[in-house]
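This document opens with one chain alone, in structure tokens, the form predicted alone.
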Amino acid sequence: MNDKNLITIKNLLVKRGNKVVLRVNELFIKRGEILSVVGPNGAGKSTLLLTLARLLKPNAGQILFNGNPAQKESDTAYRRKIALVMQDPLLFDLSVYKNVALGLEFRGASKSEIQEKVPLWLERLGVANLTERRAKKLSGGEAQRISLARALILEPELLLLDESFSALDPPTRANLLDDLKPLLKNNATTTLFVTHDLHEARKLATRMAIIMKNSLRQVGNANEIFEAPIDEDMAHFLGKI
């Protein structure tokens, strides 16, 4: 394995019932990169993410994490390496501070570590002024920033974002993406970002992977993919024809 890759996927097959919902012959996720996974609704994008999150079990294939077979690790050990942020922030009806601290508390972090890291990540996500606010009183954009802080404070080796900004209005979404990209880059957080929004994918990601008809079809630099789609279906999806 190339040591530049955090994740290596080969010959992955995921079924639901007798139906194939995802086929990936080969995919590498480089350390520190932001890989956007795009495609039409129902194409299999979230299936890939949920498989990497161990919420779906593949029927065949291999996933290597740091060069080692992921399936050999326990679910607990594996999930300590990742963080998942969904479209719905799923915050508890607690203060912002408590929501962000929860992951550290579950992992047995000391009180001093929690007191040091929570304000730091609230500041980085631009919500330090909301420390004592209850989650149910947050706007959609604020709640998603808290959800991101709760994930990133754990310093995951792999961050999984599943349509995490699609419910936000365009200005809120644009502002959050503007703040998030340098944050992920500065912390070298390897990220897989699922979205159906091509503009959003190009804005946040360093590379793109396109899934169509339940198969991974093309991977590469966004500009290269837009300039040279591999076939007519891809060109149509990209708006080239």
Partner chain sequence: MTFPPEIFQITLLSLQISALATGISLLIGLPLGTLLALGKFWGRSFFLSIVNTGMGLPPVVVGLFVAMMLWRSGPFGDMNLIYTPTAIIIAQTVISAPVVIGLTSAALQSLDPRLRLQLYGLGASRWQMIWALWREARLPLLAALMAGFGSVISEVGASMMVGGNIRYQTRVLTTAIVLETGKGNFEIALALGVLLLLITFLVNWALTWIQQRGEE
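Just so you know, these numbers come straight off a predicted model, no measurement behind them. Residue numbers count along the first chain shown, from 1.
The same protein also exists as the form predicted together with the partner chain; that form is not shown, yet it is the one meant from here on.
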| query | finding |
| --- | --- |
| Selected contact from V127, L138, I114, I82, since only one has a non-hydrogen atom within 4.5 angstroms of the partner chain in the predicted complex | I82 |
| Non-hydrogen atom contact D169 with the partner chain in the predicted complex at 4.5 angstroms | no |
| 4.5 angstroms heavy atom contact with the partner chain in the predicted complex for L55 | yes |
| 4.5 angstroms heavy atom contact with the partner chain in the predicted complex for E105 | yes |
| Contact label in the predicted complex: E73 to the partner chain, heavy atom within 4.5 Å | no |
